[in-house]
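Only one chain is shown below, in structure tokens, and it's the form predicted alone.
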Amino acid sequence: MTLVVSACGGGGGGGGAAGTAAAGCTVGVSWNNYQEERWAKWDEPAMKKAIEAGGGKYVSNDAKSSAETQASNVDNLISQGAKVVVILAQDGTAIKPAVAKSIQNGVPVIAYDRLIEDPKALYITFDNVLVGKLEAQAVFKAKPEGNYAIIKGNKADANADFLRSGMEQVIGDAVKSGKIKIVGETYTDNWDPSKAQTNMEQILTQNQNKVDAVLSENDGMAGGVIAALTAQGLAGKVPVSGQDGDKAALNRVALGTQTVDVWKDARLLGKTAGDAAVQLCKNSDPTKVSGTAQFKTPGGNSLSSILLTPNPITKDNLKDVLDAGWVTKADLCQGVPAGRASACG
């Protein structure tokens, strides 16, 4: 496992969460869309365990992909006694008034996995610029020239642009020289796989199927992209990227239809946020949370942050996710022919 905290600076006044009771520490978590597999399966259990290990109490609610609902959900968590609020933002801009109000009322906020442009919030995520870079490196290695399509995530989520900037570090020079031509680039509402499929179908139609590589920003959308490619007999011929370590995507890596899945061990992210929340219960200053460093945002703010390092999974290192207990061999290797991936035997 290469998952480590890459930001090592910051004050150490908070100390570790485990074993230090935080009396009356209720941590409220606002999920943007709890129906997504990842949150319930990986992030929440790790976060809840860390909070309870620190003597705290976990409460949560679900915005069901509504920015308006999420704003009222934050108020609801505080009314339930939350002393710290963790927000997975549906819309990083729309949630800002609720964040400012929370902080003004003495309730610190953790921007979880997605940026919220408030300098007093604590930002905890994986290094998303690096994720985009790792996605592009794997696809570029497989196809260093030709027609590229870029399927980006939700426009209201800063991560979509962080990922894209990481991709640019890899393909930028080849685009300028003409070796790579971007024949389609689009945001995808709500990171929706079905919309990603529609976007990819349109790009294929517009280019008479002459697409040589696809930079898809996450696994769900990669599934939609690959469905569109499959319909045209191109799956496995066109390299495709993704991220998140979804079970289906890892299986696609083993099958050879997805080139790379940048794995962000959400258990580590959830634990890190839970530990930080307990520390904030004792001291609301985010700069005092252990392991923080300053992060300069696109909006010119400086936030205390903890950035974690992801691991790009290709067919060559699928054993990493097996060894970590992230996926079973049966799920990883379903339908994989003998000899296709060494992890599957």
Ligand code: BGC
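For every residue, the number given is its place in the sequence shown, counted from 1. Treat the numbers as computed from the prediction; the structure is a model and nothing was measured.
From this point on, the text means the form predicted together with the ligand, which you will not see here.
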Inset, instruction - Could you confirm whether Trp39 comes within 4.5 Å of the ligand in the predicted complex, counting heavy atoms only? - result: yes
Legend entry - Trp191, heavy atom within 4.5 angstroms of the ligand in the predicted complex: yes
Inset, instruction - Verify the contact flag for Gln90: yes if a non-hydrogen atom of it lies within 4.5 Å of a non-hydrogen atom of the ligand in the predicted complex, no if not. - result: no
Inset, instruction - Look up in the predicted complex whether Asn73 has a non-hydrogen atom within 4.5 angstroms of the ligand, and give yes or no. - result: no
Inset, instruction - Using heavy atoms only and a 4.5 Å cut-off, decide whether all three of Asn128, Gln243 and Lys264 touch the ligand in the predicted complex. - result: yes
Inset, instruction - Name the single residue among Ser102, Asn199, Asn159, Thr257 that comes within 4.5 Å of the ligand in the predicted complex, judging by heavy atoms. - result: Asn159
Legend entry - Position in contact with the ligand when the complex is considered in the predicted complex, options Lys271, Lys152, Lys83, Arg114, heavy atoms within 4.5 Å: Arg114
Legend entry - Contact segment among 279-287, 31-39, 298-306, 49-57, judged by heavy atoms lying within 4.5 Å of the ligand in the predicted complex: 31-39
Inset, instruction - At a 4.5 angstroms cut-off on non-hydrogen atoms, which residues of 206-228 are near the ligand in the predicted complex? List them in order. - result: Asn218
